[in-house]
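Listed next as structure tokens is one chain, alone, in the form predicted on its own.
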């Protein structure tokens, strides 16, 4: 196991973005960057032992911080996904967050994703990033410190541990926004990937893709991934919870609803390479997003690749969207001076 540091790019404010590269005994690699405490690259072996980068990304920092390019590999906070009307209440006090997506808030306004994080700790196989968010930054209460620790194990698992502490009662819902393409082939979309999600219901949405508060059975609909099948099998079917030709951009309600208990959430599989990804989490939801809002042509990516329409699939572990406004959704507040912690594991293997 080894860790090395290198310069990546410089932001407009003069801050340098650095990449920390962890290599395990199998040669698998995780490249982690200070920008957005993000994943820049993950190199995993196929069934022949050949390594390939299985996440989308860019060669320049300026592209990562463009929200139109889809938060590629970046950490998201304080609250991932959507907040209706860019507001919420805690104990009768109303708070207002950035309306960065029409009338609502997406991914907490983006600040956690588009700023440089500090390094807190480096060990033999892990890197821990840290960020301080002052009280009322982007409308969220509490002076909050968040740490994100990435650990690459010798069994090709990338473990992501989020830890936060605030001096006021607040909301915390972090995730990572990596887009996976297990083929490692820049010419392929994810429509030929096989996917299983361990969920029987999804959060119903309105015409703006905001949750209505209803939970709907997936069986008998294009939303059904209870058994492994190709993402492209039904992605173009007309359905009320899917907008136009965007395809999947929906939250699934995982069978495991006990916060803090690890369980398998999803399996992603590329038949040709044999690469398989299992997503494990202790959170109750996972957002399936297939890059349907990205440009269909012309977007640049790493090493001559592309960040385009349906080239990658994001599997974002989370509390349900807008759960801080819908009492029936599973959610837990972060209490003053009490530690909030959640873990997601990306377990790579071959079949």
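Here the structure is a predicted model, which means the values were calculated and not measured. Residue numbers count along the first chain shown, from 1.
What follows is about the form predicted together with ligand BGC, which we do not show.
Counting only heavy atoms and a 4.5 Å cutoff, which of 214-222, 100-108, 155-163, 132-140 contacts ligand BGC in the predicted complex?
Residues of 100-108 come within 4.5 Å of the partner.
Please identify the residue among 147, 191, 200, 249 with any heavy atom within 4.5 Å of ligand BGC in the predicted complex.
Among 147, 191, 200, 249, a heavy atom within 4.5 Å of ligand BGC in the predicted complex occurs only for 249.
Going by a heavy atom distance of 4.5 Å, is residue 181 a contact of ligand BGC in the predicted complex?
Although ligand BGC is absent here, residue 181 would stay clear of it in the predicted complex, with no heavy atoms inside 4.5 Å.
Is residue 64 a contact residue for ligand BGC in the predicted complex, using a 4.5 Å heavy atom cut-off?
No, residue 64 stays farther than 4.5 Å from ligand BGC in the predicted complex.
Do residue 287 and ligand BGC come within 4.5 Å of each other in the predicted complex, heavy atoms counted?
Residue-level check for residue 287: yes, a contact with ligand BGC.
With the cut-off set at 4.5 Å between non-hydrogen atoms, does residue 177 touch ligand BGC in the predicted complex?
Judged by the heavy-atom cut-off of 4.5 Å, residue 177 is in contact with ligand BGC in the predicted complex.
Each of 71, 82 and 316 having a non-hydrogen atom within 4.5 Å of ligand BGC in the predicted complex: is that the case here?
All three within 4.5 Å in the predicted complex.
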